[in-house]
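For reference, the chain that follows is the form predicted alone, supplied as structure tokens.
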Amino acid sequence: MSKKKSSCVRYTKWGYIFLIPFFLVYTIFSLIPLISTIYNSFFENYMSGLNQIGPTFVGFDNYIKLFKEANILKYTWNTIIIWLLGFIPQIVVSLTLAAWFVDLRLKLKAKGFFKTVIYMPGLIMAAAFSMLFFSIFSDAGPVNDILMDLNIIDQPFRFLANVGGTRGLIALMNFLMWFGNTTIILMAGILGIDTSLFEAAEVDGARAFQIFRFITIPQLKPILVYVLITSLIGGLQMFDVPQILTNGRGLPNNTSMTLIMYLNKHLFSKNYGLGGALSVMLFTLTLALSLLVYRIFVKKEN
């Protein structure tokens, strides 16, 4: 008994030793910056010309300033609506493609090729993607030229001067960059479902849509919740695509200005107090929405 016990203790010790690198990296690159951000959010600390103002403890004044600005609600709404415009078609298309690719009855050919093609946009840098779309959909770009040649429009449509056009382009880019990754995740989830469930449903005469609705979707719910939460977090952190496409100005009239773009303005102006307060607010919003999604789709079912 003593030998077994000492062996168990030795293995446990090595387990903790292997965990040290993770906790070390997490502490240095995540925990300490998080604590520092929360700490700085309670101080007035910014540059005025060449003069450094602060750091001076001001309590919750930075948070009060943020909520007194009517634009903060507008930027939050911009972020959520642009995310929804990209996520809804993303999940619909990804679910459809995943169901097609794993369905053996369809006997689709060149599945590997199509999987590679739909995943490739995710490998392109967001900056390059944004510059490409900026060129294609500009006033003198090829899209306007084609539409005018087909007599669909009489004059160039200013996509980047239109609220729907700008938001639509940002959502389209996010869709193209991420639907391939989502498709692969959903395919893995469907392949993990017990095949006897599908066979039993076919024996009972269930149609393809009924199998998808009553077996695939319920069994896939944990994966769908994971995709929803990770996409929500990524959507609230949306920055690179709208930043480059609108040159950081959130055109037109700040209707494509996201929360992270607004945060970047404070950090660029070295207003660390307001930047820290906005970061904490964004962290709290992300946590609250993620817990809400988890509670609705997982907790309620349990």
Partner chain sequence: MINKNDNGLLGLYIRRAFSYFVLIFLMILCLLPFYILIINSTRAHPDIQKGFSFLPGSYFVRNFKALLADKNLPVVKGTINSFIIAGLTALLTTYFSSITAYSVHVYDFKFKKVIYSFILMIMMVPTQVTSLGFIKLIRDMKMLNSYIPLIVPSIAAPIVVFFIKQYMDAVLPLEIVEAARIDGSHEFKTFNKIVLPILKPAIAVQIIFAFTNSWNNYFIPALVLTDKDKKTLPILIAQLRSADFLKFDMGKVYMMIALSIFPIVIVYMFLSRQIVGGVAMGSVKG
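Numbering follows the first chain given and starts at 1. The model shown is predicted, which means the values in this text are computed figures rather than measured ones. Under this definition, the rigid core comprises the largest set of C-alpha atoms superposing within 1.5 Å between the forms.
Quick note: we don't show the form predicted in complex with its partner chain, though the next part is all about it.
Asks: Tell me, which of N174, N181, T166, T216 has a heavy atom within 4.5 angstroms of its partner chain in the predicted bound form?
Replies: Only one listed residue qualifies here, and that residue is N181.
Asks: Can you pick the stretch from 151-159, 196-204, 132-140, 77-85 whose heavy atoms fall within 4.5 Å of its partner chain in the predicted bound form?
Replies: Heavy atoms within 4.5 Å of its partner chain in the predicted bound form occur in 132-140.
Asks: Does the 4.5 Å heavy atom contact test between I28 and its partner chain in the predicted bound form come out positive?
Replies: Yes, contact at 4.5 Å.
Asks: Residue-level contact is defined here as any heavy atom of the residue lying within 4.5 Å of its partner chain in the predicted bound form; does G59 satisfy this criterion?
Replies: Outside the cut-off, so no.
Asks: Should I53 be counted as a contact of its partner chain in the predicted bound form, where contact means heavy atoms within 4.5 Å?
Replies: Although its partner chain is absent here, I53 would stay clear of it in the predicted bound form, with no heavy atoms inside 4.5 Å.
Asks: Answer with yes or no whether L66 is in contact with its partner chain in the predicted bound form, where contact means some heavy atom within 4.5 Å.
Replies: Because no heavy atom of L66 falls inside 4.5 Å of its partner chain in the predicted bound form, the answer is no.
Asks: So which bits of 76-114 sit within 4.5 Å of its partner chain in the predicted bound form, heavy atoms only?
Replies: V93, L97, W100, F101, D103, R105, L106, K107, L108, K109, F113, F114, in sequence order.
Asks: Using the rigid core as the reference frame, would you say T27 shifts its C-alpha by 2 Å or more between the shown form and the other one?
Replies: After core superposition, the displacement of the T27 C-alpha between the shown form and the other one reaches the 2 Å mark, so yes.
Asks: Superpose the two forms on their rigid core, then report whether the C-alpha of G248 is displaced by 2 angstroms or more between the shown form and the other one.
Replies: For G248, whose C-alpha is compared between the shown form and the other one after core superposition, the shift is less than 2 Å.
Asks: Using a superposition on the rigid core, decide whether the Cα position of L267 changes by 2 angstroms or more between the shown form and the other one.
Replies: No, because once the rigid core is superposed, the C-alpha of L267 moves less than 2 Å between the shown form and the other one.
Asks: Closer or farther: how do the Cα atoms of R213 and V293 compare in the predicted bound form versus the shown form, where the change is at least 3 Å?
Replies: Compared with the shown chain, R213-V293 is farther in the predicted bound form.
Asks: Regarding L292 and P222, go with closer or farther for their CA spacing in the predicted bound form versus this form, the difference being 3 Å or more.
Replies: Closer in the predicted bound form, by 3 Å or more.
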